[in-house]
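Provided below as structure tokens are two forms of one protein chain, presented individually as structure 1 and structure 2.
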Structure 1
């Protein structure tokens, strides 16, 4: 039997933020969500989240997620030991193991936790913790081990003597306790330390029978206390993601200048050009060329799509579309095969038929375009009357002249031609030429031209 407790009550003073520390995002996902996600494969029977500082905000945020933990309030926040003492009532005489995770250590792999649990269970220790050798261990608690490999004690950096600080084996803040044993020593913790807090790490010396597992990949145990560490973790996570996708056949021309979210997938032979970013849920087909200078958010791209200096959000593009430079595809832009969206064109909540072209300086919103439509430069769908949005429908093979305004609601049939500079306010039947502009008048001899 396994219970998981995540410590997330601290204020995160060093972050200097109005946001609770564990709600800081890393590649778009908060620290605490990441920690919770890393425990899912262990299938714990209970998951408890210790909250305190801005507890309501944290609860509100996490209730939107599928597997909401049990919230345990720690008030005031008197240290990590005090935090775990709050579990005495809710866990009671639970007989199993308790995995304790710091809410601010977000890059831990599920496999590492599985290994920790396996070692803990086979050794019969009262507690097994994750440790690591760091070149720069400053800030972390130091782990003191005897000749037999048993952990004797953990001493916090600020409580260490100069000599103790030379020990570079650190406590990662991840522990697997046998709960019935921990329950007995929790009431014995004292606040006799530099911060005057109850330290969970003091339970190690009290438990006597403590083991540790040394983690090799240091990115896994990096704790986030300030913005510098947040940025370092982001960099490590991005590196992990890019390495993964390079192995799967994605080319990054300038990897360090690009970022991804974990919810992205790429086909084969995708070329990601410099300064290109993918956020949220993105699905990119084979042979796409994205960037330079593009931002793709929550979008699905079929095979052979090219995007150049453009921004896509909530868009769906079929095979062979060509986007940009400088295009903006907004939510519910749905492009069929081979659509071309060019310079300074914005598309929102519109379906654009196969082979259609919107090449220059247009706004297409709340519209439905059939196949092979050619939208002339500067054509605008005037979809908003100040109160409601209305639809524009354009049939197959139609053409709009430069600078047309299509005042919605309006339906243009198939094979319609709209004269340049027209303002179209009435429906146009199939095959018709629509002209909606003042006839040109020339006034002769308006000026005297001297030869």
Structure 2
């Protein structure tokens, strides 16, 4: 059996934020959610989140999380040893292993945790910890091992002698304990140190049988204490994601200028142009060309879709659609195969049939367009009466002239033509020409009469 405990009680004062540090976003997902996600493949029987600062807010944010964590309050916060002491009651009769993680170390790979757990169990150690060799170990606790590679002690940087500080093997702060043995020594921890806190690291010397696993990729153990470190982790995560998708057949013309989320998926031969960003859950088909200068959020794009200098949010596009430049597709925009959405067009909560075109300066909201509809420049579906939204329906093969206004609710049949500059307020039957504009009046000699 395995229990996972995530330390998330700290204030994070160096972030200078009203938001708890572990709720800061990284590539669209909070730090603590990333830590929790890294444990999913381990299939723990218990997941415990040790909270303190803004505990209520953390619980509110995470109570619907798939891992369904148990919340354990640490109050006051008196060090990592004190935090894990709070588990004595909730894990009182637990007989398995305990994995201890930090809520502000978000780049750990699941594979690394799997390796740590496997080594811990095969060795029979009381504790196995992650370690790393750093060129500059300043600020980190040092790990001291014997000739057999067994950990003898961990000494915090501030408590190290000058000689001890020459050791560059550091403690990454990630532990796998045999809980029954840890449970016996937790009450023995002492606060006799420079910080006056209870260090979880002191349990290593008390447990005697301790091993360690050296992490090769140092990005995995990067902790976040301030905005600078948050930005550094964002850069590392983005590079990791781009490298993955380039190996899968995606071209990034200027990788450093693009960003994406872990919930994105791409087909083969996708080309991502500079200054293009993907947010949330995005699914991009084969042979798409996205950008430059585009934002795709929570959207699904079929094969062979082109998006140029445009914004998509919650949109679904079928094969062969062409979008932009400067188009805005809002939630529930659903485009069938071969639809063309052009310059300065906004589409919201509308279904547009195959082969239809909305090429210029138009707003299509709460509408249903059949196939092969041609929407003239400046056409507006006036969907809001000041209180409620209403739908516009346009039949197959219809076309609207420039600067038309369709005042919903209204239905245009198939093959309808709307004259330029018309305001349509009534339904139009199939095949009809609809005109709704004032008669033109010319005043002769106007400039002479009104100089």
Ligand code: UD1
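Numbering follows the first chain given and starts at 1. Small disclaimer: the values here were computed from a predicted structure and weren't measured. In this text, the rigid core denotes the largest set of C-alpha atoms whose superposition between the two forms falls within 1.5 Å.
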Note to self: Of the two forms I pasted, which one is the form predicted alone: 1 or 2?
What the structure shows: 2
Item checked: Exceeds or equals 2 Å, Cα of residue 155 between structure 1 and structure 2, core fit -> yes
Item checked: CA of residue 191, rigid core aligned, shift of 2 Å or more between structure 1 and structure 2 -> yes
Check: By the 2 angstroms cut-off, has the C-alpha of residue 223 moved between structure 1 and structure 2 once the rigid core is superposed?
Finding: no
